[in-house]
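In structure tokens, one chain follows: the form predicted alone.
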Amino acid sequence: MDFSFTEEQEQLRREARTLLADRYPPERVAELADSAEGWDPASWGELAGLGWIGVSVPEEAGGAGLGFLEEAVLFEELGRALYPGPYFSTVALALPELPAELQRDVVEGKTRWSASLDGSLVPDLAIVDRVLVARDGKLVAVPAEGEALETMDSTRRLGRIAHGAEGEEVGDASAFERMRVRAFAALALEAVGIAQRALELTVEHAKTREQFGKPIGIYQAVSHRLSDSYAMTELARSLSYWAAWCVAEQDDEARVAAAAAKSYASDVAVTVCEYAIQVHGGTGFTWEHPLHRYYKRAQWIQSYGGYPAVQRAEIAAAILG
């Protein structure tokens, strides 16, 4: 059995990495993160035109009819680029649970969605149009109205949904478990992208920064940090790809796989960013360097849906029966 990505999926990765590097260099991400809106609304139409929004949407609803593995490639690359926009909230959380007519509007770039898994907090509340919430055992779409919250990660902002708004029933509340599993798998993939980019920045610095006439990468205090970061990132990648496969195949282990991937990969992203900041020394602590934004997104991922200890308790309960 071949567990590698197909050539088409790898081509998607190459194209996504090239485009995101061009559209979202660190200076551009910083500019958007510090702006009032926090993102570039024009980017949504561009993603729609590229077909990235409707990757797993059925063809009859205007999508590409592919699956979560193709989305997995994009989640990883969007995390690596630190894309500021509602791709995660729309595509991972809400889109698969919408009726076909509402999916079509999303695929065409006309609407953006999010969801509240806990009945209160909503990713990207200020920049989406509607939100999925649970009410009386039903899945209900309500207007994206509520309170913006002050959080550390300005590239993915949170809000608190207003209660009592009139909504439209679009399904039943059982959808929230599927949403949670997809969200955890998507965030694990983002975390891998973050860890990978932080590691790349640190390797480049360790090769070029010199002390006592030698690159700092030759010193054990640095090289051990890099080797540990590499090993952790690759294990996180394996867990995240396993979770992506389970989600794509609707495997019985999807819930445990997603919890394991989110738990481990988010911890790894935080740790690799911390190692990277340490190796960069004073430069790593400056606002001008992109590392602090990766670190903040990693911490956002780590906390969303409960910290890793919550997911590990869930895994323990599953394996112990």
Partner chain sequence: MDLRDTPEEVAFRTEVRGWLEANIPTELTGPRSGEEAYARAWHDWSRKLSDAGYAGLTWPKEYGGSGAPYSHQAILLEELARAEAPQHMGVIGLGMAGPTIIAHGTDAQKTRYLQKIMTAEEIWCQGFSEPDAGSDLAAARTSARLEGDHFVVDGQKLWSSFAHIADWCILVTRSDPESTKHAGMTYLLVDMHAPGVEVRPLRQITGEAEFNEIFFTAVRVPVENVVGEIGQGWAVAMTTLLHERATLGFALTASLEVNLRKLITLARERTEGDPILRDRIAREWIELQALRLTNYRALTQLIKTGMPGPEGSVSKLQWSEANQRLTKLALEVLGPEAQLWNGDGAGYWQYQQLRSRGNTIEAGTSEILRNIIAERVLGLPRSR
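Positions refer to the first chain, counted from 1. Quantities reported herein were computed from a predicted structural model and do not represent experimental measurements.
Not pictured, yet referred to below: the form predicted in complex with the partner chain.
No member of the trio Leu50, Thr283 and Leu291 reaches the partner chain in the model of the complex with any non-hydrogen atom inside 4.5 Å. The contact with the partner chain in the model of the complex, taken as any heavy atom within 4.5 Å, belongs to Val203 out of Leu117, Leu158, Ala175, Val203. This chain lacks the partner; the member of Glu249, Glu108, Glu145, Glu169 within 4.5 angstroms of the partner chain in the model of the complex by a non-hydrogen atom is Glu249.
Contact between Arg180 and the partner chain in the model of the complex is not found at the 4.5 Å heavy atom cutoff. Using a 4.5 angstroms limit between non-hydrogen atoms, Gly217 touches the partner chain in the model of the complex. Though the partner is left out of this view, Leu239 does reach within 4.5 Å of the partner chain in the model of the complex, counting heavy atoms only. The shortest heavy atom separation between Thr151 and the partner chain in the model of the complex exceeds 4.5 Å.
Of the candidate stretches 127-135, 98-106, 79-87, 223-231, only 223-231 has residues whose heavy atoms lie within 4.5 Å of the partner chain in the model of the complex. Taking the partner chain as positioned in the model of the complex, the residues of 291-321 that bring a heavy atom within 4.5 Å of it are, in sequence order, Ala309, Arg312, Ile315, Ala316, Ala317, Ile319, Leu320, Gly321.
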